[in-house]
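Only one chain comes next, encoded as structure tokens, the form predicted on its own.
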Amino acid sequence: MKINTQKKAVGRIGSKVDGYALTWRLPVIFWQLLFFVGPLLFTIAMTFFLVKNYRMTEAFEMKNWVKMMGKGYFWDSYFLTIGLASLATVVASCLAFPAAYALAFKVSENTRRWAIFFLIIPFFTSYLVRTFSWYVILAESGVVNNVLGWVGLGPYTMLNTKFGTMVGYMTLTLPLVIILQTLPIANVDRRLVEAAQNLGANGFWTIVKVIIPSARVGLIIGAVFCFILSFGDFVSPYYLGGSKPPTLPIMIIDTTKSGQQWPRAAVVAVIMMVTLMVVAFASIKYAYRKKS
């Protein structure tokens, strides 16, 4: 009898805890339903609409999917967007790692805090404004070509190229990737580093065998954020890359301008979201995979 009473008391406590936790989760759940799940479902439904006389009409037909998936230019833009985002991810990760390593191991904790603060400051200004500032720097008569001209080089065409697009991607993602890499690297157990050095490992192999595996989750999350931001960015490929050939975000704009084809643009948006979800879930699964 006493045991049953204790079980009921524990059950009541558990239900109270669950209800309390659920209460605090409700705002997040409501936010996700209102601003993510709802628009996502509406976008998916829109892909089956038809445009007649420049007006959307409800329907359930696959014409928009067949139209977009059957066009070669769509797949060209799709693989171009994935390629540029993947390249930006590799470049940003490689550029960020030395900076993150220096902030984690070579400077004081106070200096690291200030460095992270200064890395956050660029996000206080509009990304569009920061992108336009590169016009002055990368133009044929801009700062970079003038400096190169002093040593007899150039001028080089850097705007309206993939190089310009990549510069814009770095402007958007590099500070964030440095921050996301610094935090896990700074939390690496120093005793593991000292043990590797005592066993004769030089700096390079200590990084490869100890630091990177220990900070793997943070490094992968930083790379995923870089890929997501680059994959969905419209500003850099449009204003710095010249928009030709178009990436998928540019194709969405062009499609909506072409006969108000919002349903076909929705097809592109859904494919982009599915791609990002696959990449994100696969990367996170790999990041948290247990070592065999």
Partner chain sequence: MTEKTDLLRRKFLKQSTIVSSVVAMPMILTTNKASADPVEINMLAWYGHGEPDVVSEFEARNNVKFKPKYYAGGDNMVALIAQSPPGTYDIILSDGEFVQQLNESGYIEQLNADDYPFDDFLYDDFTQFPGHWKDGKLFSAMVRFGHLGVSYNKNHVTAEEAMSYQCFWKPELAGKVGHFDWHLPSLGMMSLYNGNAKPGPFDIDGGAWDKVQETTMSLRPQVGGFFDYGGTFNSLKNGEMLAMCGIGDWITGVLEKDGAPVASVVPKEGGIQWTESYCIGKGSEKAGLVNQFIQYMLSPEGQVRSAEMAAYPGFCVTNGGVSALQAANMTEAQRTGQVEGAINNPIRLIEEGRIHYRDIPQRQSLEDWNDFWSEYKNA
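As the structure is a computational prediction, the values presented were derived from the model and not from experiment. Positions refer to the first chain, counted from 1.
We do not show the form predicted together with its partner chain, though everything after this point is about it.
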Candidate stretches 219-227, 22-30, 36-44, 262-270 - the one whose heavy atoms come within 4.5 Å of its partner chain in the predicted bound form: 262-270
If you check Ser86, Asn146, Asn160, Thr111 against its partner chain in the predicted bound form, which one has a heavy atom within 4.5 Å? Asn160
Of Ile82, Val90, Ile116, Ala139, which one comes within 4.5 Å of its partner chain in the predicted bound form, counting heavy atoms only? Ala139
Can Tyr238 be called a contact residue for its partner chain in the predicted bound form at 4.5 Å between heavy atoms? yes
Against its partner chain in the predicted bound form, would Glu61 count as a contact residue? Criterion: heavy atoms within 4.5 Å. no
My question is simply whether Ser258 lines the interface with its partner chain in the predicted bound form - judged by any non-hydrogen atom within 4.5 Å. yes
Even though its partner chain is not shown here, does Ile252 get within 4.5 Å of it in the predicted bound form, heavy atoms only? no
Would you give me the residues of 75-99 that have any heavy atom within 4.5 Å of its partner chain in the predicted bound form, in order from first to last? Asp76, Ser77
